[in-house]
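First comes one chain, alone, set out as structure tokens in the form predicted on its own.
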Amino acid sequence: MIKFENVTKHYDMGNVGLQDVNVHIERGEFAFLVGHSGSGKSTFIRLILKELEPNEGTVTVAGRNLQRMRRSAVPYHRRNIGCVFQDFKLLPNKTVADNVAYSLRVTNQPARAIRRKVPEILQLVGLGEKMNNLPDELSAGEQQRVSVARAFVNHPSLLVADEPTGNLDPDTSVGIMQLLYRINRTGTTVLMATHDREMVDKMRKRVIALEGGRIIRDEDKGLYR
């Protein structure tokens, strides 16, 4: 699903994003991307989304070499990756249902499909009774569940979560992780960048650790150490 081959990304002033990174993440895997601030996690994710271009090496996502991708194909590429962020990124003046439906409308889904899919995905994330609420009427954990629902409603083959539990209390974080695990069980590849040591240690999934832009550890059923 994700392949980095000898990938290097340097920023202006010589700052290192990634340095000679090689990693393969298979379809259906659940992998954590860990490391301190500045270790390269955000660069890794932005390369997957083709928000950045590497200085050297090749990034391949779902079998497509991103360096050979035409600019006109980039929006389609991004629409096929579900994204969950720390700050939710919900539309404040839209209902829960409209926030989830938005990602279907931008892919030109027919109205009948939207009416069917939105209630289904909100039931999956435990918010079936809050379809008509606005984001500010929800708890932080519920807002993140809406974000997850929006990311998954198109059933993407890849879901990228960037610090999705960073603003949540421990109990709420567990609920979000259980939801991501359920999504992974449907066959979706999940890549989660996080600082949450306790959560990583509980999940015992693959751990890819970055430091100074380099991969210093890559272990199945690893711990955050």
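Residue indices: 1-based, along the sequence shown. From a predicted model like this one, the values you see are computed outputs, not experimental measurements.
Omitted here: the form predicted together with another copy of the chain. The next part is about that form.
Against another copy of the chain in the model of the complex, the set K3, Q19 and R112 makes no contact: no member has a heavy atom within 4.5 Å. In the model of the complex, P170 approaches another copy of the chain with a heavy atom inside 4.5 Å. Although the partner is absent here, K117 is not a contact residue: none of its heavy atoms lies within 4.5 angstroms of another copy of the chain in the model of the complex. When another copy of the chain is considered in the model of the complex, E29 lies well away from it, no heavy atom lying within 4.5 Å. Contact annotation for Q123: none of its heavy atoms lies within 4.5 Å of another copy of the chain in the model of the complex.
Of the listed positions (G57, G175, P156, G166), a single one reaches within 4.5 angstroms of another copy of the chain by any non-hydrogen atom in the model of the complex, namely G166. Scanning 132 to 149 for heavy atoms within 4.5 Å of another copy of the chain in the model of the complex gives N132, N133, E137, S139, A140, G141, E142, R145 in sequence order. In the model of the complex, the Cα positions of D87 and G40 lie at least 3 Å nearer to each other than in the form displayed. Here's the thing about L179 and G141: their CA atoms end up at least 3 Å farther apart in the model of the complex than they are in this form.
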